[in-house]
Structures are given as C-alpha cells and as structure tokens.
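Below, in structure tokens: the form predicted alone, a single chain.
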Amino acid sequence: MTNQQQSPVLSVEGLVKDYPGVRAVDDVSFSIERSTVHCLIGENGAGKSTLIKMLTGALQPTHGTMKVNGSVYQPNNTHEARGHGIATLFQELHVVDELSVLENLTLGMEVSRFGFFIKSDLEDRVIQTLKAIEPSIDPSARVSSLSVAQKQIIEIARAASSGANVIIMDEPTAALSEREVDRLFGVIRRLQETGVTVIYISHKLDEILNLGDTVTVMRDGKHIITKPLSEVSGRAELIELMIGRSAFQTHTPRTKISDEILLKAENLTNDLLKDVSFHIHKGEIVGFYGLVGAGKTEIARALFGADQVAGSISFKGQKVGRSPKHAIEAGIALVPEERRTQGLFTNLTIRENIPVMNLRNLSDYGIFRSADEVAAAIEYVDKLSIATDSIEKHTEKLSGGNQQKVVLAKCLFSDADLLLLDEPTRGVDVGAKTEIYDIIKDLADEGNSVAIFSSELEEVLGICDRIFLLYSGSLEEEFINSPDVDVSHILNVVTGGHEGAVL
C-alpha cells in the first residue's frame, strides 16, 4: 500500500475562521478516510457551512492547515479545489435544462485548441461514468425531462468524471421523495466502490445513521467529536452531541397576550407545505422552528402574499394573501431572510430606505414632505440604535446587524400589526442580536404580533411565547414555551424522528 493510500484523503488541523467580532470556526481538527461516507452534522450556526467553504476554496482560513492525501492543501478558489479532486454538490442544482445529459456532463470540460473544440475521449469517459453510477439515464435525453433526483445524479456523474475523489453533498435530499432518496443512496454506495469519498451534510439524522460510516459533530464553531457510526447508539446520542447543553436562554412568560385571534391560517398547501394550519393572537410572539427544507420561509412568504398557496389566510377577519401590496395595506410586514437582496435598497441611504413601505404617510395630495422623511429616519435610527454617523449613509456600508435594523425600521414605519421575521438575527453579532430581541419584546408589549421563522433553537426558546415545530413541510407540534421544555424532544421532532401531534 502506498503512503498516499495509507494517509487520510482529507484532514484539517487547528482550522480557524474569524470574521469581525465572530469566530465562525474555532480550532477544528479531524481527518476523513478514503472511500467512506463521512457525515457532518450540527445545529444551524455550528460552523458547518464555513468549514465546507474553506475546504472548497471559497473562503481562506484565518489559521490552521488542510491536507489532501497527506500534502498541504491551500486552494484559493473552487477551481483549484477541483484540481485537487474536491467537488461540491449544493442544494441548488447547477444543470442546464435546455441541454442534453451528455452536454451537461461535458460542460466546462471540453478540450479546445485555438478556440475550437477538438475530439477527445471525454464523451466516452463521461458516458462510462454515468453508466457505472446510474445506467437507466439516457445520455441523449434532454435534462428538462428528468426528475430532481436524476438531475442530481447528472451533477454527481459530472464531478466523478472530472476526477473528483472527494464529493461534498450539502443537504442533497432536501427536495427528494423517499423513493428518490433510496436511489441517491444507491448511487453514493456505488461511488464508494469506485474509491470516491463522500462528505455528507444533512439535518436528517435517520439518513446519517443509515448511510454514514463516520460522523463529525460540530457545535458553536468547534469540533465536538468524530467517531464511527457503528459506535453511535442512535438518534438520542447524536442529538445530545449536537445540543451539548441543557440550558438555553430562559424564557420569561409574558402576561399581555390577548385572547383575540389576529391571524388564522387553514390548510396551507403548495409544493412543500402540507396542510398547515395555525393561528396567532394579538400581542403574541410565535416561533416557527425547523431545519433546512422544513417550510419556514414558505409559510412566511405565503402569509405575506409573496407565494400563492392553497388554503385560506384571514387577518383581522378579512381574507389576505393575494399579494405583498395587499398584505402591507392590511397591516402585515415581512423582514425577509435575504436582507441585502430582498429587504434593502442597498444603493439608497438610510433616510431613503426607511419610508418606502409607507410613502403615503409622507405625502399630501401627491406632494412629498421631505422634512418628515428626515424626521422619520432620525426617529428610527435613535429608536433602534442604528450605528451610523449620518442618515445619508448608504445601507450597503452598514454592518449586518445595522442593515437588519434598517429593514426592521422599514417594517415598523409601515404601521404593521403583524411583523413576520424570517431568520431575524442571521449573520449579526451577539450584541446586535440582544438589541433586536429587545425591540421584538417591546413591539409585542405594545400590542403588535410577531412571528419569528428561525432555524436557531436558542432564539425561539429565548423569546417566543408559543412555538410551532416543522419538518419537511408539515407542522408537527405546537407548544407553549416554558423553562422546562424538552430540548431533546424538539430536536427529535424537527429531524424527522417523531410523528408529532398538535398539543
């Protein structure tokens, strides 16, 4: 056996990634053996995505060493990572529907000379790779005619035929049916037989237990453990390793919640959501908690009218859900997950951003009151403690936490009675998180209702009065928040290990 065959296919030693005020990956060390399925798990925010971005060259480590086949590995970009045999399959598919399977398999790998493609053995090689992985797919078929699972297999075959000996799969089954998941697992096992190593990232713990050889658990940016899955006793042990603590921020029960139902949703259904029903009281903070693919964002967008769904939504006794314009006029505002692309006009100033959802409030007979716009901006910069030296600063120049506060200010200025917050503190520092939580509590105490859609368990347990647990588009359980909630049970439900019942 050669030294290369004896050494781990991939290893990290003392890996650190720092951002201003945040250490996303903290002194992580472990190794991955070749021809295995190595699973990577942890709660949202555990550092998994940052680690993978360093492995694939998308980010550079602050400190530490990475090695491939025993040799130091320092990719500056994803292209260099591929040159070292490391490829990544993301949740979003990267295939061209208008091309054939064969054209997709060779895309970007064509051999050319003086600007002209020349004949090579590339086509024969990729066809043989596809046959070895999934012989039922016709190389001449148009990709648009294939299922999501088959399109994923095209990406896997393209990676394997490019010489990748490590393929990273990030939540590969999020959009697959149970039958398609079984097919994908068969493909992964055939990859192992050809000497390919798979790094498999998933929140679905049953998949980890059924498919993996080894598991690495991360928590709060740190490496907790790497061990063979044959030595793991089951879901309960994995959950315990992921949580690592029994105490979360203590929730203080609130007493100002009205019995009045402000919003009622019944039987919401679309491609992901499955017959989801719930209600929200006036002055209540509710949380929708789930992991990737659970349906949190889809529910938020449905309530805001951004996505059409079957079922009904009533707000203050009136039907809503036709469009965002209709929702805003009714008194519903959404702080979207992607604040930079969906929540802000980053090329505009703070002053220009804050009033955009309620410009009528600053106009008289079509005449815009500029002085009132300035006064509103100053008021909300002060009210939300937005750190800036001027209301004329462009929002693209603000920190993530202050950008989020500007989005909140927009929604507050719209005079919304129901505020929908999709991942409200993602990418903001601890200090900004605390300030945003205080703002949310103050809003609820003033009689506003707030719905938080979050993949951070500590967040929903720390601030929400009532919590809905989601898994794969279904509302599995509902419970009143209290200091003695069973955290392990919650994790079990949202990772698919429990047929929940609404309490």
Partner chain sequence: MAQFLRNYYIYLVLLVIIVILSLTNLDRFDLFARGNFLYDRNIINILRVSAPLLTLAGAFTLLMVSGYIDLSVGSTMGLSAVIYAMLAINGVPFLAAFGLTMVCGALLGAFNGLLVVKLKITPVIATLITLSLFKGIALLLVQDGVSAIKSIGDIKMPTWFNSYGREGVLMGLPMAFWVAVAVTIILVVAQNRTLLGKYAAATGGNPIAAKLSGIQTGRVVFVLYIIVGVTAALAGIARSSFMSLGDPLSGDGMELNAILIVLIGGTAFSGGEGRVFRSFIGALIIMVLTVGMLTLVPAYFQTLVIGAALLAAAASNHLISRKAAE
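Bear in mind the structure is a predicted one, so any value in this text is a computation, not a measurement. Residue numbers count along the first chain shown, from 1.
Omitted here: the form predicted together with its partner chain. The next part is about that form.
Shown without its partner, this chain lists Phe288, Phe304, Tyr200, Phe413 as candidates; in the predicted complex, only Phe304 has a non-hydrogen atom within 4.5 angstroms of its partner chain. When its partner chain is considered in the predicted complex, only one residue from Lys227, Arg142, Lys319, Lys325 comes within 4.5 Å through any heavy atom, namely Lys325.
Only one of 417 to 425, 266 to 274, 125 to 133, 296 to 304 places residue heavy atoms within 4.5 angstroms of its partner chain in the predicted complex, namely 296 to 304. Proximity of Arg183 to its partner chain in the predicted complex falls outside the 4.5 Å heavy atom cutoff. Put simply, Glu103 is far from its partner chain in the predicted complex: not one heavy atom of it is within 4.5 Å. Taking non-hydrogen atoms only, Gly343 approaches its partner chain to within 4.5 angstroms in the predicted complex. Its partner chain is not drawn, but in the predicted complex it has a heavy atom within 4.5 Å of Phe368.
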